[in-house]
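First comes one chain, alone, set out as structure tokens in the form predicted alone.
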Amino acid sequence: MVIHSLNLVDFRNYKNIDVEFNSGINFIYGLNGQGKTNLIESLYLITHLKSFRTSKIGDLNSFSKKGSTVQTGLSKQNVRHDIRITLHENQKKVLHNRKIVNYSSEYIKNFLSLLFSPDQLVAFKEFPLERRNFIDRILFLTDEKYFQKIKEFNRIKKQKNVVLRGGHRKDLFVWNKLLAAIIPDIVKVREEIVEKINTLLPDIFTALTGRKDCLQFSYGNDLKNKTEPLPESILAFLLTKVDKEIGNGHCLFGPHKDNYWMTLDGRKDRQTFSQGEYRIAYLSLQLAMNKVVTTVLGFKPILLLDDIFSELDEKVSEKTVSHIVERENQVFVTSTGIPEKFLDVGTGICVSNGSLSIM
């Protein structure tokens, strides 16, 4: 997948820019506060139809402006796509090859970028929901049945919550039975992708760092130590928790409570990783996901790497760039400057106060 061109009008601090990109490495550099992350944000918007920094559409418009547009030409598996996203106050309109996109879920199944950013890193580290969303985003692309299972699970859970809030004990059995039937399928798919990731993760971490520590990704199934992974066992367990769930007014057990974490030689991430270790471990996880998607779907996601070199020593930075170049994805890397040794592997784009110049 390659983004060939980008036009921004009144997006963040970009008044009106047109730029064409290298199909390989694009180094976006400049002083802090000039618009590097804003540019990455526009590319993320193209592939996810949302920002990774705000949930408010109006925040994406230039100061004092009520609307903005993001327009791009991209290709995936040699097929050209023209995208135009119009943002006006709190509304978003998306045109894909001049046709209105009515369902974001259908659009984002066609395109993918993998993002490394300080904001995303903090969210992934602190919030189980962000970790679940990260894995689910990939699974929605690689497994159509999983996408439908999650939609059905969320529908059932929503209805069960209505019953719980109303205290209608006799109506709970049917919703618990439906949940018990679908939960094992969700758990199985999540376990399988973690296994795939772990066949790749240790080697990628070693390639980036030169270290022999074994990096692993772990999945915590909420029901694992509570019941057997069988519909009848899950149903029996849920029936023992009716009083507790009625008291809380919402569903307390299931895949929406699952968790993920990383370990280095058994050391758990949040408790023992340094900031640099967590940063490079998270990047390794992104690159493992990149390989999973490439293998399953046959196209390479775009890699968006914002402020990637902070807290990484020079040796790790060099190994990281070398590894990324070998992957042959289109890559956008932001930093305050480009080391001379990297200039021959990509295109430099200097950002200054919302203006771009190709070096």
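Just so it is clear, the model here is predicted, and its values are computed rather than measured. Just count from 1 along the sequence shown to find any residue number.
What comes next is about the form predicted together with a small molecule, which does not appear here.
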Check: Would D59 count as touching the small molecule in the predicted bound form under a 4.5 Å heavy atom rule?
Finding: yes
Notebook entry, point to check: Given that the partner is absent here, does K36 sit within 4.5 Å of the small molecule in the predicted bound form, heavy atoms only?
Noted result: yes
Item checked: Heavy atom of H48 within 4.5 Å of the small molecule in the predicted bound form -> no
Check: So in the predicted bound form, does T54 come within 4.5 Å of the small molecule, heavy atom to heavy atom?
Finding: no
Notebook entry, point to check: For the chain seen here without its partner, which of 325-333, 311-319, 61-69, 295-303 has a heavy atom within 4.5 Å of the small molecule in the predicted bound form?
Noted result: 61-69
